[in-house]
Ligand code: DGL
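The chain below stands alone and is given in structure tokens; this is the form predicted on its own.
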């Protein structure tokens, strides 16, 4: 019996951390990974530009025989996944900032969402805040240069630490990683936040959703 084949997409290296998590949880999958290093980072580009970049890549996934696509990019998920689902007849599992669990976990009533400018300006992100974070203060530190920093493997630890210290000083007790690139510096962020703030990202719920989709494919 052949393995189920899925596609995983991210603009750059961020998606590899998602693949590592998927492989650990569901080891018998065949995973095809595609990125778009020619145009990374996506976070400062227009939605129309991003759409033009991802359409041929998603078509390749289907041509390659993938039965589902994990959109391991918060920027693409929050801005485009609804339209992409209509455009392509294939199940898609998106990744978006974990606003709901953060709002449920906070005791101080303040959370921080680390994400790209394009994610933060999306209608979907605004909807998440309006529906799940009512009465919660949501801080949005400037992380606009983080993705490129990580993509180039030139992490400025002090700069990252300062951003996290800044939101903790404003009473944030949950820090949301709303970009898969940031998963590569999760350990650093946890180190800075240790004992003062929880750090969360959406890999676990995405894997749970992927398992549900795979069960329907069998």
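Numbering follows the first chain given and starts at 1. This is a predicted model, so every value here is computed, not measured.
The discussion below concerns the form predicted in complex with this ligand, not included here.
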Can you tell me if residue 73 lies within 4.5 angstroms of this ligand in the predicted bound form, counting non-hydrogen atoms only? yes
Just checking whether residue 147 would be counted as a contact of this ligand in the predicted bound form - the rule being heavy atoms within 4.5 angstroms. yes
In the predicted bound form, residue 179 touching this ligand (heavy atom, 4.5 Å): yes
Would you classify residue 168 as touching this ligand in the predicted bound form, given a 4.5 Å non-hydrogen atom cut-off? no
Partner-proximal stretch of 86-94, 103-111, 124-132, 73-81 relative to this ligand in the predicted bound form, 4.5 angstroms, heavy atom: 73-81
From 29, 192, 47, 40: within 4.5 Å of this ligand in the predicted bound form by heavy atoms is 40
Just to make sure I understand: among 103-132, which residues lie within 4.5 Å of this ligand in the predicted bound form, judging by heavy atoms? 116, 119
